[in-house]
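Let's start with one chain on its own, the form predicted on its own, as structure tokens.
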Amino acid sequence: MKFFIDTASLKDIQEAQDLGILDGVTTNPSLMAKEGISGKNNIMRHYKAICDIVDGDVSAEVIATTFEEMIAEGEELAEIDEQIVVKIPMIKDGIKAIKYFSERGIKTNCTLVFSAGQALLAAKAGATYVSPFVGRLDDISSDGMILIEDIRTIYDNYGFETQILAASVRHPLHILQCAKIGSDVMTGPLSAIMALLNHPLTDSGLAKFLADHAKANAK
């Protein structure tokens, strides 16, 4: 399973990259705003800075909601770097835009997916990635992992090449559940990724090893 980090923070991206497990980055307008990035030119430069840190795909989201505007904005984003994946919302014109881009070899990420039917349409249109939002489904007392399972079954049934990118991942259990189900990618905050490192028996075991080593070398 690929590990993407869901942020616009260059610091967090660099830390995940330094860990040696990062496969890509996802961003959105809210994450850009959180980092204080505003204005078209600044946003475009920030996307390029992200691409310069990581080796894998970087999702850059369009703001437009009409076909023509999504095409114009997406083509501009794609010109930033070959790593850019144009992030398109799951709406009628979004599906049309995904088809347009897929026919021209431009990678896409269909975002804001909350049903298997939406994921099926995205795959039929040729999306590179489909992003079901598991955390937001959990927020409304629905099980986001059931959606991942349903999409996995449908894609396997028909050999769709669209990759399942589990989004809105909130904690390490989400990551492990995605891995068990067979999600191709997960994207989440640095905190969720780093939490996979933690276990109390690792901490106590290391403390004992170091204490025993200190005793042995004190003689």
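Note that residue numbering follows the sequence shown and begins at 1. Since we're looking at a predicted model, the values are computed, not measured.
The form predicted together with ligand G3P is left out here; the points below concern that form.
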*What is the one choice in 60, 164, 178, 167 with a heavy atom within 4.5 Å of ligand G3P in the model of the complex?*
167
*Site check 23, 83 and 107: each within 4.5 Å of ligand G3P in the model of the complex by heavy atom*: no
*asked:* At 4.5 Å between heavy atoms, is residue 136 in contact with ligand G3P in the model of the complex?
replied: yes
*in the model of the complex, which of the stretches 32-40, 168-176, 153-161, 63-71 has residues with heavy atoms within 4.5 Å of ligand G3P?*
168-176
